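In structure tokens, the next block holds one chain alone, the form predicted alone.
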């Protein structure tokens, strides 16, 4: 099996209020087709583009996050091609002088850390969207296509990697890292489902002499699972063609998710086919050192930095730190919980188990969780002081989430006593358990419980009856003495 070599082009939709070259709203999801448009993004003759400064700022921010060098002087070009989703018959993009060059991303795959080089990041406008009258909305089986230009003109940052990936695991790790970075920087929501993040996959097989074979590009891949499947199919297909003595063709292929195959779409264009030339209606972009430094100062702690700090300062495992830093909002919640006085290890455990369970049940993101991080911290402190058992605390947390109550009010609502059940109150519960299990009590008292299974059974019933609010050692001692 020949070694696969993969490079990616990630198209990241930027979080601006308006489109890249006009004042149309960027909030086009769910809008009536062709209503979020204007003469500029519809390419009406005589209109001129006006650059969205915020899009430039976000592109620079993403470039810095990718460890790129920011170009001091860059400008736009026209990329010509004819397709129904492009009303101008050319796309305004960056060609010779992209805004960010020469970065890298470190990924973890196969138990190792690997550096994936980023060739460049450039700004460009998005095209419209083709709508197909099929049950799944895909091109396959459609008798005609409709065009919705609402997406046309949306600001994109295209991140082009070097061909440094050699497996589907590395590819998915790289995409995940890019998406995480974009969310930390608040540059994009990175949602593949809505098209905010789209990936073109370039695959070739390494020849025996070490050179790269014919490159094939795969488009129309809209989920991580689909990318994994498309890679597996295309690598196998290319190997089969070569094993049978055939030649691969440089082409663009579409991924058919239903059939699980790639299909030839068109021969791959070369740069000369696009007839690039300078976009004279837009002035060059000047991103000088002072401008770049001002943006650099605004950058938050990077996800990989936060992950290492959690391991170092809070003694968390790599798995715990990775899960808690997956989203910036989750990491912030964790740190606020710790600031309330709760031990970091306990906060991590509660967030990974109980909080995640409630978020799943309520179908909420962490930023909309009704329990404040400081209140969760106070609850965990109560558990640490043995004022509440774990079982009681879980009940209290459920009420806090359901009724949006602080800790003290939730405790009252649950009717929980902040203290251990002990002494005469505990003896009464044990008597109640004995009364309900006369056969087990009789077996023990008759000396027929050689392995102590019945005693442990009775102790467990007592703990369940107290909902964990009794000291297990005291329960064991009282049960044994009362059995005698």
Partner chain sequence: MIKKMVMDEERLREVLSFSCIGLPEEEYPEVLDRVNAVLRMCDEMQELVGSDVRPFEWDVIKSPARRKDIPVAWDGRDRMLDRAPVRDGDFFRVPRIIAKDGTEEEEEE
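Every value quoted in this text rests on a predicted model; they were computed, and no experiment measured them. Between two forms, the rigid core is defined as the largest C-alpha subset superposing within 1.5 Å. Residue numbers count along the first chain shown, from 1.
There is also a form predicted in complex with the partner chain; it is not shown, and the following applies to it.
In short, of 441 to 449, 30 to 38, 423 to 431, 454 to 462 it is 30 to 38 that has heavy atoms within 4.5 Å of the partner chain in the model of the complex.
By the criterion of a heavy atom within 4.5 Å, residue 273 is counted among the residues contacting the partner chain in the model of the complex. The closest non-hydrogen atom of residue 16 lies within 4.5 Å of the partner chain in the model of the complex. In the model of the complex, at least one heavy atom of residue 44 sits within 4.5 Å of the partner chain. Although the partner is absent here, residue 148 is a contact residue: one of its heavy atoms lies within 4.5 angstroms of the partner chain in the model of the complex.
Looking at the partner chain in the model of the complex, residues 54, 141 and 286 each place a heavy atom within 4.5 Å of it. Proximity to the partner chain in the model of the complex, defined as a heavy atom within 4.5 Å, holds among 414, 345, 108, 131 only for 131. Contacts to the partner chain in the model of the complex (heavy atom within 4.5 Å) from stretch 2 to 29: 16, 17, 18, 19, 20, 21, 22, 23, 24, 25. Once the rigid core is used as the reference frame, the Cα position of residue 366 differs between this form and the one not shown by less than 2 Å. Relative to the superposed core, residue 101 undergoes a C-alpha shift smaller than 2 Å between this form and the one not shown. Comparing the forms between this form and the one not shown, the C-alpha position of residue 345 differs by less than 2 angstroms, with the core used for superposition.
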